[in-house]
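Before any questions on binding or motion, here is one chain by itself as structure tokens, the form predicted alone.
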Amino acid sequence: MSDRTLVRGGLVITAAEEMQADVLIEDGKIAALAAPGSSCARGWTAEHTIDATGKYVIPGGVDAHTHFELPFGGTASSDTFETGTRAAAWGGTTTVVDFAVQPRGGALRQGLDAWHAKAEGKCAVDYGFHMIVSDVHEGTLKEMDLLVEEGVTSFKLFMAYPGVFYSDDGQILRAMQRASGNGGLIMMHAENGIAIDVLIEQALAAGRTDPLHHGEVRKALLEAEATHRAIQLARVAGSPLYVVHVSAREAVAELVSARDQGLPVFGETCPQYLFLSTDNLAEPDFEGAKYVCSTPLRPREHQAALWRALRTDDLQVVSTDHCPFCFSGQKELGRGDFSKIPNGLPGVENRMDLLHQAVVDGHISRRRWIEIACAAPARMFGLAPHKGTIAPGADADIVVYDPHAQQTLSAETHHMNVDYSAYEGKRITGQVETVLSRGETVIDRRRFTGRAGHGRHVPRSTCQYLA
């Protein structure tokens, strides 16, 4: 016997349209939508009914850039797959795509198997994997083909972090050439790491050791230069390119120029670049360490270019790059040397709310909110049509969202496994009320009812922007 749930009376918002509609869910899938009170809707019966009157009914968020249990700088990000996906659910995100890491000298398969072991049976919501390629050689390139076939269809390379993840231009070109043949999407951390290391050395030698200097040495021009170089390498290889965590207006200009030429170049930004700035890095008493991430926060005047690019679709996706490190015992590793501060911010729980605040503030429309947080990442990373929308046949990943609720973001109330909030004290209009993942209620009127192990690994198809 089928299990049916009815979400009644809400304003359904997708990237394509807004409509008052009842949503019928059957066996974890969206079965139908109908106008409230219509003859079709009146005939529906269900074991469970959710009253969404006066609320938005939106697709579950797709966060395509998280780092749970990531080893970095002698420590590891503080959210496990269990705590991180639970926090994602609280924030209205029902699918995450995390990054498996190839060990240097090891195989892609070795890294992917290790991340499967971390996640299996632990996740509260569905998940997939990208593959970080940290050692490009002939064996790696052959493995890329095999991973695409089994649903790991995107590969991250780094122009930053020499000696850790860094690939040189020749290695990047080879990986791009391989992706152009197998349908994979290259994701690029675009910063000139070789030049940045020189500036780090010079800053420390001059006694500039505070967190503020993390942002000063990772210059916007070096993000723009790397973005330009990545675009040209992708052109030579005939490969599409996705640039992660774009923070600088100069880098945005490189993406705009490439897209104006019709090139298959895409980009994401993150809430921290839209709502935070170097003012946070400059906070006294080492508090600025909380905001150390790479690419770094920029002066506030860069934000206008990011918002404009989101409106014009020159940036397609807002992900979090969620990579939390506790202030106590982890961020503090960099006292006296900013280069030793673990790079990363928490945010998987805050993304949907912050972007709704952007709607309230007039930066984006409601449909664009859903586009950049749900639909576009699902299409970009081969999760559509099952994720990122509300339509018959899609997974019943649904959020009932109260657009009028008031909340204050705080470490005291968030569910991420980290001892501070990057948005401490920020007032937000709008809040997740109820969350369904494949038809199962995981947040019920602000109460967690999910469970570790509900979340499934989702094999992905290739980038659907290129079909």
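Keep in mind the model is a prediction, meaning the values are calculated, not measured. Heads up: residue numbers just count along the shown sequence, starting at 1.
Missing here is the form predicted together with a small molecule; even so, the following discussion is about that form.
- Contact annotation for the candidate site: 156, 189 and 323 all lie close to the small molecule in the predicted bound form (heavy atom within 4.5 Å).
- The candidate stretches are 337-345, 382-390, 311-319, 364-372, and the one lying within 4.5 Å of the small molecule in the predicted bound form by heavy atoms is 337-345.
- Residue 161 is the only one of 307, 286, 327, 161 with a heavy atom lying within 4.5 Å of the small molecule in the predicted bound form.
- Just one of 438, 414, 67, 55 comes within 4.5 Å of the small molecule in the predicted bound form, counting any heavy atom, and that one is 67.
- The small molecule in the predicted bound form is not approached by residue 239, whose heavy atoms all lie more than 4.5 angstroms from it.
- When the small molecule is considered in the predicted bound form, residue 245 lines it closely, a heavy atom lying within 4.5 Å.
- In the predicted bound form, the small molecule sits within 4.5 Å of a heavy atom of residue 72.
- Put simply, residue 294 is close to the small molecule in the predicted bound form: some heavy atom of it is within 4.5 Å.
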